[in-house]
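Okay, here we've got a single chain as structure tokens, the form predicted alone, with questions on binding and movement later.
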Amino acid sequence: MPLTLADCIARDGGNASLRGLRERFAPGAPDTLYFDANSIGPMPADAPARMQAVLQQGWAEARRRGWNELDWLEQPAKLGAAIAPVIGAQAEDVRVADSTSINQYKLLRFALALQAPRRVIVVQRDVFPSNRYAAEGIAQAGGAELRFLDDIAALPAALAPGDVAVVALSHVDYRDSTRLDMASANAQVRAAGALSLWDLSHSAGAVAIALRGTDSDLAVGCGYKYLCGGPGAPAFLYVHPRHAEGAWPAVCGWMGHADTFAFEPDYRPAPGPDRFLVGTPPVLAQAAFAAAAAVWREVDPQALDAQHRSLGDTLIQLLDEQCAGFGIELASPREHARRGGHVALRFAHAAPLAQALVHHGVVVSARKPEALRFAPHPLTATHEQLWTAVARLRDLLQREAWRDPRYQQASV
């Protein structure tokens, strides 16, 4: 039987362990449905108050003393500990700092140092551009050789020569949401004597991840998507403890020194992942992230994954039932275990259709060449909202509203 609105409302009554967390987030604009968690997650309701406290108590009043009286320097470790269960890591394995791209560069260089004299980086050819750019920059400087991977099925062949230092993979494709089998890939990489480096930007905070459980070596991820750290939030990095002290970091800064305020003339790397800290932390950005971290400390990762599965499966069923015959195709895998944080559709005019949806109160995103992405956040989106969003989508498709010149302008 086709899904009804009543069915969707009934599904919102499940997953009791997450009930109440939706109220911990700001609702957004009236009559607007947000399905762009893969671009920027919802704002925790107390984020402004936390930032205001830093501005008043920290900056206006304490000033320099804020570094001693408040916990600004401890935040990279505290925030890392808060999100560690969400990515299947231990608290001591994760630090929040810098950006995803910078962390990608740092850990690629670190992996090369650990694996010398091996110097080949295997990187996906069609991956989020910054990941490839970081590897290309290292190769351009003479620090590595690149070997491109066109399909995960070709990973054994890429590893076969025995010269690979590190394999850099995106857990979830940012366009079609295909999720790789982390355990399988790690086993192949490990058997070849190489290290794995995962980008979790489109999976952390949405689907189940088991970095320790799958014996991953290294990982990075974005703080402002599903993790809700705020616009431009610091990213995170993960280092398995067996590697944490195996080499110097690629970028040596005073915050990564073994004794930060000793101001010694020579660098000594801090123990464990603290060595990957570099410069003064962004205190205001950390305050916003801390609002999200307070929520993540209460989230059961398995309940989160189950809720995300229910939302994704419901969305796909509604699209099948209500939008067939309008030129839209499912681009993401149907199976939840093979799908990441968002559901991607293939449509020849995805970009203007996305703009039309935004204009009609359904915030989604598009990516070239023709991907339309719905990314419900498992802590805030509802099945009822999905019903409304698909009804609006169907109306726009019926009217071919995407042809309107207003929607032809490029958008982020």
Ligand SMILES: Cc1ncc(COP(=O)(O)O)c(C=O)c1O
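Note that the coordinates shown come from a computational prediction; the quantities given were computed from them, not determined experimentally. Heads up: residue numbers just count along the shown sequence, starting at 1.
Keep in mind that the form predicted together with this ligand is missing from the display, and what follows is about it.
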Original post:
So which of S216, Q286, S177, S201 gets a non-hydrogen atom within 4.5 Å of this ligand in the model of the complex?
Top reply: S201
Original post:
Exactly one of T260, S101, Q317, Q188 has a non-hydrogen atom within 4.5 Å of this ligand in the model of the complex; which residue is it?
Top reply: S101
Original post:
Is there a heavy atom of R95 no more than 4.5 Å from a heavy atom of this ligand in the model of the complex?
Top reply: no
**OP:** May I ask you to state whether F276 is within 4.5 Å of this ligand in the model of the complex, using heavy atom distances?
**Re:** no
Original post:
Is F128 one of the residues lying within 4.5 Å of this ligand in the model of the complex, judged by heavy atom distances?
Top reply: yes
**OP:** Indicate whether this ligand has at least one heavy atom within 4.5 Å of a heavy atom of Y224 in the model of the complex.
**Re:** yes
Original post:
So which of 292 to 300, 264 to 272, 158 to 166, 201 to 209 is the stretch with heavy atoms within 4.5 Å of this ligand in the model of the complex?
Top reply: 201 to 209
